[in-house]
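Next up: a single chain in structure tokens, the form predicted on its own.
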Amino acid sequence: MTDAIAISNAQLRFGETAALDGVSLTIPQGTCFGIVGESGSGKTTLMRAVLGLQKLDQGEIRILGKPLVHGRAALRERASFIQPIFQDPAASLSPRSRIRTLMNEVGTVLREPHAATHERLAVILGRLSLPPGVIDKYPHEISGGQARRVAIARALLMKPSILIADEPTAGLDVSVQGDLLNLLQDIRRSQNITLVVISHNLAIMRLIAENAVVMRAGNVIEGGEVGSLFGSPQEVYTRDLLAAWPSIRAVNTKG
């Protein structure tokens, strides 16, 4: 089976800083894959490169077997099969538009009648435990947790094959975090979506991901199956990260 995402020797510099320094990794279709690292490790830059929002200096990215191409037309086409959930979902929603308008834009992109879009949206809102009336509100009129679920609803409305979530639980209460992670896993399994989760939080990664890589200073320093990666880390940096999240060793993961 073709990999969902294949990255080969991704290099990107911002001035004297190597944001990505020869990153290579593959993400199989239908899996939940984690990218772990502290702030500044390059994980969000890598996400932006995969989405085509940041051009590499060198290297190649393939999405579902096809080389990533830049340009407005390519970006529009790519939106039909790969969707992001940004770290600040409220900021990714236009503050001047009601949520209904943002959802209608999806139908326009997909060239789908608005009635059909809203029929699918009603089902998605139900899955996300969002009231139907939320679409008549502006982003500033809903809570942070609702904004995150609206962002997920909009992403799912595009019927993507790949969903990339950057720090999906940041700023949420612990109980809400658990609900959201369970929801993402349920959606992934029921719709056979490839889910990529980017986070500094190893406890979350241990709970949700099957495989993961650890990034530091623009490099992938180690990776593998999550149980082995976190149970027997080979790198000092990974061990230091684990020491900052001692509770994860007691977590019963995914089983």
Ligand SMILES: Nc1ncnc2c1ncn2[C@@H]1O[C@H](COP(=O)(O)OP(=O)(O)OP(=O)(O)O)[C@@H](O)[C@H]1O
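All residue numbers refer to positions in the sequence shown, first residue = 1. Model, not experiment: these values are computed from the prediction.
Although it is not shown, the form predicted in complex with this ligand is what the next lines describe.
Peer 1: At 4.5 Å between heavy atoms, only one of the stretches 35-43, 66-74, 203-211, 219-227 reaches this ligand in the predicted complex; which one is it?
Peer 2: Every other range fails; the passing one is 35-43.
Peer 1: Heavy atom to heavy atom, is A19 within 4.5 Å of this ligand in the predicted complex?
Peer 2: It does: once this ligand is placed as it appears in the predicted complex, A19 has a heavy atom within 4.5 Å of it.
Peer 1: Would you please decide whether Q87 lies within 4.5 angstroms of this ligand in the predicted complex, comparing each non-hydrogen atom pair?
Peer 2: Yes, Q87 sits close enough to this ligand in the predicted complex that at least one of its heavy atoms falls within 4.5 Å.
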